[in-house]
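Below, in structure tokens: the form predicted on its own, a single chain.
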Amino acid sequence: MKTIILDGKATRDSLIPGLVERVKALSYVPTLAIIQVGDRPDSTAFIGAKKRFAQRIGVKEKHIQTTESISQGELLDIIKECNADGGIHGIIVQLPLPIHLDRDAIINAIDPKKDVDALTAFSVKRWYEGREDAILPATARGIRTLLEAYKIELFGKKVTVIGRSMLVGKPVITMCLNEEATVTVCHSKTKDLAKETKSADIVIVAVGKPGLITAKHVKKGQVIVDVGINKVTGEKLDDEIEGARLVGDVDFKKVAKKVSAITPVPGGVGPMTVYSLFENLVDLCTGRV
């Protein structure tokens, strides 16, 4: 059986025309405010990808960049201004933040009606409960959309999720549960990881450790979703982070020989995450929250 490559770029590109039509149907041009603290190269690169996608679908973006030494109060004031600005329809604070800033306080200062990342306590409660009107964090939503595009169901499947971060792991876990999957959660303290991964129909890994999942961790017929983004030196990457080469958490070449379907890195979950972020923006513009 030939392994299916779950192509996030192709899937994203097939969905863009529909999203463009949704943007055009609005009575205004949506604007996304992107707040960046400091000048981390990885954050700058990811913001660049969001800017390019915004331009591609006819959305405006407002990039607000501050010094790394900005105080908590000053950053909260910027968010308050964006909340009050009727010309801004979505707000994201690029993570991670410097350690002197209270991440939770910063995120929860965002108006839930403009919370594109779906990370405020208000939004988390809604997607945790599985509400139909909830905004789902972009990576989890992107994974769901990618699997749907390839007619891979989560319903009734055994899913092993490796990683439990608030940004990716927990939303993915919750999304799978809400889709009626049986979910096993693994992390750095899990004993016999291979036993847990080989018992699953679908493995979703998001820990940021290159080559964590090898051929010994998988079996024939499985679906592998690699969310890992690890920057290594080498050949230039085409459209996600310029001037660097990315690898995932999965030993792609060896694992791909055994499984039925797998996402590449780059070109798998990454493009779907950016697409889903703007889906969230349009949902907010149409009164989803």
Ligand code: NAP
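All residue numbers are counted from 1 along the displayed sequence. Since the model is a prediction, treat every value here as computed from it, not as a measurement.
Unshown form predicted in complex with this ligand; subsequent notes refer to it.
- Contact check for K151: no non-hydrogen atom falls within 4.5 Å of this ligand in the predicted bound form.
- Using a 4.5 Å cutoff between non-hydrogen atoms, S71 does not count as a contact of this ligand in the predicted bound form.
- Not displayed here, this ligand is kept clear of P96 by more than 4.5 Å at the level of heavy atoms in the predicted bound form.
- At the 4.5 Å threshold, heavy atoms of S276 stay clear of this ligand in the predicted bound form, well away from it.
- Of the residues L212, V159, A109, L119, just one reaches this ligand in the predicted bound form with a heavy atom at 4.5 Å or closer; this is L212.
- A heavy atom within 4.5 Å of this ligand in the predicted bound form is found for exactly one of H187, K80, K216, K113: H187.
- The stretch that touches this ligand in the predicted bound form, counting heavy atoms within 4.5 Å, is 187 to 195, out of 174 to 182, 80 to 88, 187 to 195, 122 to 130.
- For the partner-free chain shown, V269, G270, T273 of 259 to 289 come within 4.5 angstroms of this ligand in the predicted bound form, judged by any non-hydrogen atom.
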